[in-house]
Ligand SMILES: NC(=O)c1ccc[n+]([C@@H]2O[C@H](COP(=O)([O-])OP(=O)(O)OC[C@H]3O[C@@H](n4cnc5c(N)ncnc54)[C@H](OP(=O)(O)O)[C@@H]3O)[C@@H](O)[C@H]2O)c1
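Okay, here we've got a single chain as structure tokens, the form predicted alone, with questions on binding and movement later.
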Amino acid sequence: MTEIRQFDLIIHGATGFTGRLAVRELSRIAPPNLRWAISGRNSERLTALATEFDREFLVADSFSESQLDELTKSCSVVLSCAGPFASFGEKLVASCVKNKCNYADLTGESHWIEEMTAKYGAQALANEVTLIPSSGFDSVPASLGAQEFLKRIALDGRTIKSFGGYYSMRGGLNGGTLASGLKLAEDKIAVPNASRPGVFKVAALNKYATDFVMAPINERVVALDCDVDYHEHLLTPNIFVANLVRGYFGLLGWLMSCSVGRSVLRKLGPNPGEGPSAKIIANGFVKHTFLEDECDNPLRLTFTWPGDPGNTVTVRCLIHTGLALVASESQAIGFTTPAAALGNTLLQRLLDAEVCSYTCNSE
């Protein structure tokens, strides 16, 4: 982009729970010369947030084409925290494509990404716009980690048929994430079956693995980047805990499959705009180990991400993706993935900022 716009970057959906976290994170790490602002649909809340962080703001309702066009014409990059994206995201995407504004978001809604790609992908390529859905916890760690893992395999002069990603984590749930999950269930969007048995031992790690709720979106994103089979799981200390966790997710899936169950979850869970306490967020963490399959001495690459996965890690990934887009570091246009667009550049940004670190058994 050669056109000079009023702002380099705008955080949209800034007054929601995740949006506020994103605003706080960007205010903490923004380069001094970064021209950034916030946007959303509620003028009163925007005024309060803009005053707190000394920012300008734009009112932009997710269904107002004129307001969204004003937004996307005024900046080079939009970072959207306004989900569920299948409900609120399409007109913003269309406006970004039309007005040549780069875009990233936090969606884990695969069906919506595919729908947007089918509708706007050709125009995005023609306009040389970069759009990176799933730029949060799903799916930056999986996308960049898998790329780094396969790069190390290639440096060893080897090829592999498949590898796994195994997560250990602690964190809390925010209302936006719950709302997105409930929207998927209401729309009866099918979740792909797990590619491995529900519970199995991971000998190289001396632990047991079970189903991981984010596997469908992460596996899809990684599959777009490589032709090696990738599968994801939650890591547990023993078979008892693995089966307990699987039973819990089975119950959760059953509740989400019926209207009564969804009503119960809405009543018991956080509302949109709400999330876990500051203490829960601060004590969160993610450990993500990539491991090649069916090998006596497998390559093992482990990333550590301090902070709550669905809150701290996700906004840090989104913000650094946005800063990389502002710096014109993308190597891809159209609808793409974190690894395809930003790859090693984004990973190095995250490492330099101590958003993550890694160890490898080959070093």
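Keep in mind that this is a model prediction, so the values were computed, not measured. Numbering starts at 1 and follows the sequence shown.
The protein also exists as the form predicted together with this ligand; that form is not presented, and the subsequent description refers to it.
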property	result
Residue among Val77, Ala82, Ala124, Ala142 with a heavy atom within 4.5 Å of this ligand in the model of the complex	Ala82
Segment that reaches this ligand in the model of the complex - one of 56 to 64, 24 to 32, 320 to 328, 299 to 307, heavy atoms within 4.5 Å	56 to 64
Touches this ligand in the model of the complex: Gly136 (any heavy atom, 4.5 Å)	yes
This ligand contact at Gly16 in the model of the complex, heavy atom, 4.5 Å	yes
Touches this ligand in the model of the complex: Pro272 (any heavy atom, 4.5 Å)	yes
Close approach of Glu232 to this ligand in the model of the complex, 4.5 Å, heavy atom	no
Non-hydrogen atom within 4.5 Å of this ligand in the model of the complex for each of Ser168, Ser277 and Lys279	no
